[in-house]
Ligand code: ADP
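Taking the form predicted on its own, here's one chain by itself in C-alpha cells.
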Amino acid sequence: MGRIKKIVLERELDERLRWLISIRWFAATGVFFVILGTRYLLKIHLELLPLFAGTLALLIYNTVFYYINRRLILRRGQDSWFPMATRSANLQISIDLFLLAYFIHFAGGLENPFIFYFIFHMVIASMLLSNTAAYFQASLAVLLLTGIGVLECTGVLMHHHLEGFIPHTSCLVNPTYNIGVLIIASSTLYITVFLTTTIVNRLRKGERSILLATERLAQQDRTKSEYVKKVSHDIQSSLSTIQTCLQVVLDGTTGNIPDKSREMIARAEKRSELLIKFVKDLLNLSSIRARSKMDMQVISLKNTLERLVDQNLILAREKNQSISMHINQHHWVRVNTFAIEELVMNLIANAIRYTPPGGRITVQTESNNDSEVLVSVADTGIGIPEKELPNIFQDFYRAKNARTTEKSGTGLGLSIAKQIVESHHGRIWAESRLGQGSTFYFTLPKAQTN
C-alpha cells in the first residue's frame, strides 16, 4: 500500500497507545476510590495493603510506558517504529491482565464481579493488535483466571473472601462453581475477541480499499507533477535564454538601439523575468509533489534561522524595516535542509514584501509540545482579510489586498510552503488582522539526538 498506508497505520497505533496510557491514569484513580469506597462505605472487607500496592504498581509502570511512548514518537517514520510500538502494545496489555488478576485474587477471587473487566481488555487487544496477538491475550486471561480458581481451591493461594458482600456459607471456592465460572468466562472472552476482530477486520478491509485508492490518486498526482516539472524546466531554460538575449541587446553589445525600441525590449525583459519567477515556483511546487521521499538531515533550527535572517537583513534595511529573533534554545529537527531554507526564506520574503517601511518582522521558535517545535514569522504589514485566510495556501490564490500591493506575485509561494511543511509531517497556518499584520506558524517534528 506504500507510504500512505504506513503513515496512516503508524498514526492510528500511536493515537491508540496514547489513549491506552491515558485511560490507565483514570483506571488507577478509579481503583483507588473503589477500594476506599468498598472498604469504608460499603463495609466490605478488603486487603488494603496489597490492593494499594497494586495501584502504586499501576501508576509506576504506566509512567514508564508514558516515557517509552514519548521516545517512540521521536522515532515515528523509521522502519523500526511499527514493530517496536506493536511490541509495546502487546506488553502493556499483558501486564494489565496480570495486574487485573492480582487485584481479583486479593479481592475475592472468582466471586468478585470485576472479573468481567477482562472483557474490556479483550476489546482493546482486538483493536490494537493483530488477530493472533488478540487471541493470545484471551488465552493469557483464561490462564490467569484458571490459575486463580485452581490455586485458591487447592489452598496453594489463600482465598480472600469478600466478607460483607458474599456470606460465608456461600464462599465461592468450591470446584463446581469455579469450573462453571471459568467455562462461562473463557467462552465470553473468546467470543468477544472473535466478534471484535471480525468487526475490526471488516473496517480495516474497507480502510485498505480507501488507502489503495488514495495511493493510486497520489501516484497519478506524482506523475502529473513530474510531467509539469519536466515541462516547466524546459520552459525555464527557454525563457532564461530569451532573457539573456534581451539583456545583451539592452547592454548595447549588439549596437545602439532607438529609445522607443529600448523601452519595448526593457518591458519584454521585465516580463520574461516575471515569467521565469513564475516557472521557477511552479517547478519547485511540482518537484516537491513529485517526490515520494525526501532526503533528511538532523540540523539545529536555531543556526539555520539565524543564517536565513542575516541573509534578509539588507533587503529589510532597504525598506527601513527591522527583523528581530526570539530563539533562545537549540531545537534539533530532522528535515530536508534545502526545503526548510526555501520555506523560511519564502515566509520572510513575504513579510518584507507586504510590510510597509518602518515595519517589524519577528522570527520566533518555541517547544509546542514534547514532540514538535513551533516556528512563527510575524510582521506588521497589510494583513489578510479574515474571509480570505482559509484560501491562502491554495495554488495561485492571492488575497485581494496582496494583488493590489504587489502585482508581480505568482500565488504559489504559500502553496510551496504548505507542501514542504506537510512533507515533514508538520502543520502550517496563519493568523492575521487586516491592516495590523500577519503571523505564519508552522510545526516540525523534533529529532532524536541521542
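Everything quoted here is computed from the prediction, not taken from an experiment. Note that residue numbering follows the sequence shown and begins at 1.
Omitted here: the form predicted in complex with adenosine-5'-diphosphate. The next part is about that form.
Student: Please name which of the stretches 30-38, 419-427, 397-405, 44-52 has residues with heavy atoms lying within 4.5 Å of adenosine-5'-diphosphate in the predicted bound form.
Tutor: Contact criterion met by 397-405 only.
Student: Decide if the three candidate residues A89, F120 and L129 all line adenosine-5'-diphosphate in the predicted bound form, where lining means a heavy atom within 4.5 Å.
Tutor: Checked in the predicted bound form: no contact with adenosine-5'-diphosphate for any of the three.
Student: Look up in the predicted bound form whether Y354 has a non-hydrogen atom within 4.5 angstroms of adenosine-5'-diphosphate, and give yes or no.
Tutor: Close contact exists here: in the predicted bound form, Y354 approaches adenosine-5'-diphosphate to within 4.5 Å, heavy atoms only.
Student: State yes or no: in the predicted bound form, is some non-hydrogen atom of N350 no more than 4.5 angstroms from a non-hydrogen atom of adenosine-5'-diphosphate?
Tutor: Heavy-atom contact with adenosine-5'-diphosphate at 4.5 Å: present for N350.
Student: Check I384 for me: does it contact adenosine-5'-diphosphate in the predicted bound form (non-hydrogen atoms, 4.5 angstroms)?
Tutor: Contact check for I384: yes, within 4.5 Å of adenosine-5'-diphosphate in the predicted bound form.
Student: Would L412 sit within 4.5 Å of adenosine-5'-diphosphate in the predicted bound form, counting heavy atoms only?
Tutor: Yes, L412 lies within 4.5 Å of adenosine-5'-diphosphate in the predicted bound form.
Student: Quick one: name the residues from 426-441 with any non-hydrogen atom within 4.5 angstroms of adenosine-5'-diphosphate in the predicted bound form.
Tutor: Contacting residues: S438, F440.
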